[in-house]
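In the block that follows, a single chain appears as structure tokens, in the form predicted on its own.
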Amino acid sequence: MKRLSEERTKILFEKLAKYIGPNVKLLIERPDGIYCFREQKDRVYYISEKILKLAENVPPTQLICAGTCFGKFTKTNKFRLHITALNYLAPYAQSKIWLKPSAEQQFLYGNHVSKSGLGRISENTEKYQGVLVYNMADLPLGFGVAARSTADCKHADPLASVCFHQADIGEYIRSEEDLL
């Protein structure tokens, strides 16, 4: 597992800042130790430095992965978050959207969130800002991009999209083999 290049580190942190803002620093410097990001085959892994030192003893050809896969870089060098990062991003999320129970299943099948399925939305959510999607019981379901700001959502048509789907926990079933 190799360190991310300066350019890729910048792209990764910009993407994470879209969802959790300045809390990216809290991902690295945690109370239980220092964590870092490493890359293997265009995939980015979030790993404790203690585990990383242990993983260095395994030959690179035999090591499948170490840590949690946060996402991957595409061929055009853009970063795409995977659903496996959800549990690490959820506590630090700045913008959130809560879904009504009737809209949960549609979101988990990969559809965008319409205003009729919107339960609540965080104040001061801007258009095209990264948001975490929760059900009404505060269980994180996935993440997306706000299609409208908080003020625009209040006056939107009931069938208008308020959140574009990015990833959801249904991907664990739909894309099992691609997550690793």
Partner chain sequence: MVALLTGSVLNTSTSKYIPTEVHKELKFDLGNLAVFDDSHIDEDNLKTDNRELYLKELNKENVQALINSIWGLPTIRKDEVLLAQLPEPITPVPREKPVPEKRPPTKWERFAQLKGIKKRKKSRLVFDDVTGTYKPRWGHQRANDQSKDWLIELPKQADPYMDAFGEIKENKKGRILKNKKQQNNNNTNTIDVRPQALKKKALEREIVLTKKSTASLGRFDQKLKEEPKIKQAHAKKNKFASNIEPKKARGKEQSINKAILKKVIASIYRPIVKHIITSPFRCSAGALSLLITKVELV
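What you see is a predicted model, and the numbers here were worked out from it, not measured in a lab. Numbering follows the first chain given and starts at 1.
One more form of this protein, predicted together with the partner chain, exists but is not displayed; see below.
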For residue 96, is any heavy atom within 4.5 Å of the partner chain in the model of the complex, or not?
yes
Do residue 118 and the partner chain share at least one heavy atom pair within 4.5 Å in the model of the complex?
no
Exercise: residue 24 in contact with the partner chain in the model of the complex, heavy atom 4.5 Å:
yes
Just checking whether residue 52 would be counted as a contact of the partner chain in the model of the complex - the rule being heavy atoms within 4.5 angstroms.
yes
Where, within 9-24, is there a heavy atom within 4.5 Å of the partner chain in the model of the complex? Residue list please.
9, 10, 13, 14, 17, 21, 22, 23, 24
